[in-house]
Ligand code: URA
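Given next, in structure tokens, is a single chain: the form predicted on its own.
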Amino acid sequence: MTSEQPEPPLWEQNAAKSAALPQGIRLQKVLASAGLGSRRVCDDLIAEGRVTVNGEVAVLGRRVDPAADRVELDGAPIGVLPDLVYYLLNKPQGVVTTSKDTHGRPTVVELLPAEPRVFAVGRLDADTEGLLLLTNDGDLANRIAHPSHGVEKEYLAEVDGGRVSPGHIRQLRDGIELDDGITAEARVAQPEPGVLRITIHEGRNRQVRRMCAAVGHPVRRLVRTRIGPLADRSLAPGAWRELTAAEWKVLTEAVAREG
């Protein structure tokens, strides 16, 4: 009767698995380049089983193809392509959220570097000001924009008609019947008479303006102040900046959590 051979240590198992994996860039280098920490920290993330590649738990020594593999940390996708960019723009009034405009109006992409080409995640109408995210990361953009993820957008609305009554605020919170259906519940506060702070997670066309008009308080000025966890009160109208690694991480984690 032969005794069972002892199982090889974990590092030997991982090394054997890694040897059979496709060639590419070492995973810990990709994680470090994405701003998730030093390579030692990224090694620990992999060893703890928190990183997956194409749905499978990664092992130390794993290599990835940045153009094809989907890498996730704790279920949140991370950008592995070196040319992905993420811009936060404070859109001024009168600028349209398109790449080209047939009426010759200024566009948001004209405020940003010409290369690489980016697109807006969601829209703000020409008269609305405030924060807009632009990127060339189609996967993250789709996850943010998809209704199932419900990423919050916060607005400050200056409205006509003076103080909004408690009854009208309650209507805005509970849902307003619009021509395309009743709106979802919203968070609504009135920090001062005639000014509403409205937080929604839908993306209907001109939704906040239509909600306020429906209760008899048309919007005079509308500013988006937050997109999910992203906010920046110091960003001047027309100014933009790249997301920090920490902002990018918390945004992708929020999308994964809300989905």
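All residue numbers refer to positions in the sequence shown, first residue = 1. Please read all numbers here as calculations on a predicted model, not as lab measurements.
Below, we refer to the form predicted in complex with the named molecule, which is not included among the displayed structures.
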Among 135-143, 118-126, 167-175, 103-111, which stretch has residues whose heavy atoms lie within 4.5 Å of the named molecule in the predicted complex?
118-126
Of S33, T52, Q207, T199, which residue is found within 4.5 angstroms of the named molecule in the predicted complex when only non-hydrogen atoms are counted?
Q207
So which of L222, C42, I227, V64 reaches within 4.5 angstroms of the named molecule in the predicted complex, heavy atom to heavy atom?
L222
Residue contact check: Y155 to the named molecule in the predicted complex, 4.5 Å heavy atom:
yes
